[in-house]
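Shown next as structure tokens: one chain only, the form predicted alone.
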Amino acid sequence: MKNHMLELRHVSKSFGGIKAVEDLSISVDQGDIHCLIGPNGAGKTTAFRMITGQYSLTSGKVLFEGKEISGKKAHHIVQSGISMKMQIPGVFEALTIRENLRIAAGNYVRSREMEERIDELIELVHIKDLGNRYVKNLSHGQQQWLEIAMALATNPRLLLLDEPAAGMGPEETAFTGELVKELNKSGLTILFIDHDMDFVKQIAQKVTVMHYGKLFAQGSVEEITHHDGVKQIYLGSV
């Protein structure tokens, strides 16, 4: 039986009188690729930002590897072993690929090991031949892969990905899926948000569905794609 790496226990987040997330409980097992889906405005990204300490919780708690992390600062949560890649790449376009990775790895990789680690990350996400290029010259997909590499530079055990294939063409999307599976095989637990059900089917092992900030359904990909309620609120609308 797998251990829960991440647990959200009855977490809620309100902005004024608006409940963005309400009484949400999710468990992500160690070694899994777990997907969070739901219509726009369902509260998925808000949940991510509560996990990573970008948003404080109105109520509930978040546990990572059995220890509560809710209430901790974002950089302490990263240090504990969680890293996140947002939907819109947060790269430094005026710098080179290597310079971006040096910044990301600065507090997590020893100076004497820095260049070797950067070489590994560049090769892993298949931007090896672009190592000296300025990021502003990269395609959208290449920028997404660079940011995945930047997230990996902190040596996480849990990686959060917010729509990792957004805006990509079919070939880039397929490669991104294979990259995620490769990272998972290396021992990384992954929780990701997505809307593309073909992409979800390609890589997800478990799926949680949110609706109006609440847990709506969860199960295997097959169970979710055959769930009548999910079809009505989500799958039928895309």
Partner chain sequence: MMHAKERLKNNVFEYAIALITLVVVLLIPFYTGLYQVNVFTYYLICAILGISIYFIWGIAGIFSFGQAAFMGIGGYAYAILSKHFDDPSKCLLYAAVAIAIACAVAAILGYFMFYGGINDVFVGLITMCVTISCQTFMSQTAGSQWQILGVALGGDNGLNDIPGLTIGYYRFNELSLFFLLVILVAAFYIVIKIVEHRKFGYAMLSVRENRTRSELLGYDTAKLQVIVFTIGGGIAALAGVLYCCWGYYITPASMSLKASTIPVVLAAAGGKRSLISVILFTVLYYILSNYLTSAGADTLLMLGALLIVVILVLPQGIFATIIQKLQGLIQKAEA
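Numbering follows the first chain given and starts at 1. Only a predicted model underlies this, so the values are computations on that prediction, with no experimental measurement involved.
From this point on, the text means the form predicted in complex with its partner chain, which you will not see here.
Although the partner is absent here, residue 142 sits far enough away that none of its heavy atoms falls within 4.5 Å of its partner chain in the model of the complex. Although the partner is absent from this view, residue 79 contacts its partner chain in the model of the complex, with a non-hydrogen atom inside 4.5 angstroms. With a 4.5 Å cutoff on heavy atoms, residue 109 counts as touching its partner chain in the model of the complex. In the model of the complex, its partner chain lies farther than 4.5 Å from every heavy atom of residue 128. Annotated contacts: 54, 74 and 150 all touch its partner chain in the model of the complex [non-hydrogen atom within 4.5 angstroms].
This chain appears without its partner; in the model of the complex, the one residue of 124, 135, 168, 86 with a heavy atom within 4.5 Å of its partner chain is 86. The partner is not shown here, and in the model of the complex the stretch 56-71 never reaches within 4.5 angstroms of its partner chain through any heavy atom.
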